[in-house]
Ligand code: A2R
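The chain that follows stands alone, in the form predicted alone, written as structure tokens.
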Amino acid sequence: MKSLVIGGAGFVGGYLIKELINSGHEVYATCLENENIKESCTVKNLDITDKNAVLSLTGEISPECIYHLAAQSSVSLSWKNPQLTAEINVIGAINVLEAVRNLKNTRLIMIGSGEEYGFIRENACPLRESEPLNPGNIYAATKACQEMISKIYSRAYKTDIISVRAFNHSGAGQSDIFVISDFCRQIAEIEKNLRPPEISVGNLSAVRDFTDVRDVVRAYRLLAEKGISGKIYNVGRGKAVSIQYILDTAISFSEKDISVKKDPQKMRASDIPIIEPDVSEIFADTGWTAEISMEQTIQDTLDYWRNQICR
């Protein structure tokens, strides 16, 4: 299968490219001019907010499947810069949808977020794909908008689109603006005596579903190969845990005596108490389920930061 990964220089992009190559796909990937892709594939520069560039590149490659990963994916940054978030996540997505509309026999895997569910009804978890969306932050609102527009294109133009609501995923190499990587980086710095033995944290009571990025990209590939056109799929472990558990697990992997300090700067303007998906749809259609334990993900992320800080 000829596959195009839009946003290949990002954290998930690198893992997805590896997954596709290992599965025998012919892989093309895009990045911005100031970015680099290390994996062995055909790389093209692309700004998804440039409609003509998107149309030209997709027409040149004519991929059988497009994975649209390019996004402003930080909730905290979306509060600080909502306009940038909307330009990338909504306008950029529309440009990709226009490109798919002009192609023939191209499947689009449109990556959204579990954050779209937002302020959920009492006792609604585990969340099924039929649950009404009620976004609670700017990032989630842009992803919900992206999904709604995708549904319109699917119906109006008969385009082959699968929408994904991906819940939190983590792993080695993720930016430390995300919670597991943040905790692990701080622990690694404490172990190297680069900071006092104290971790700075935000809200520890939030309960979230975390999946290893390697499992997530395998889900994307299987959806491209086996998913049903027009459907929306949750992608997650299907079992949420508290941020407190994540913190305690990460600290347990260190021999240092580490204390914890609440940091008001790490608190979100709005936070949902619990988000947990029902993942029965993707299992039924593709057989996918998360295989890598959360503890292994945390250990691998901590080891990554230990190696980074040694350099």
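A quick note: this is a predicted structure, and the numbers were derived from the prediction, not measured. Position 1 is the first residue in the sequence shown; the rest follow in order.
Here the subject shifts to the form predicted together with this ligand, a form of this protein not shown in this document.
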| property | result |
| --- | --- |
| Listed residue that, although this ligand is not shown, lies within 4.5 Å of it in the predicted complex (heavy atoms), from V241, I88, L103, L204 | I88 |
| Listed residue (L20, I298, A9, A290) with a non-hydrogen atom within 4.5 angstroms of this ligand in the predicted complex | A9 |
| Option from 152 to 160, 181 to 189, 123 to 131, 71 to 79 whose residues, in the predicted complex, bring a heavy atom within 4.5 Å of this ligand | 71 to 79 |
| Complete contact of G171, R221 and R237 with this ligand in the predicted complex (any heavy atom, 4.5 Å) | no |
| Partner contact for E64 in the predicted complex: this ligand, 4.5 angstroms, heavy atom | no |
| Distance check, D285 to this ligand in the predicted complex, heavy atom within 4.5 Å | no |
| Contact test in the predicted complex: E60 vs this ligand, heavy atoms, 4.5 Å | no |
| 4.5 Å heavy atom contact, L108 and this ligand in the predicted complex | no |
| Residues from 123 to 144 in contact with this ligand (non-hydrogen atom within 4.5 Å) in the predicted complex | Y139, K143 |
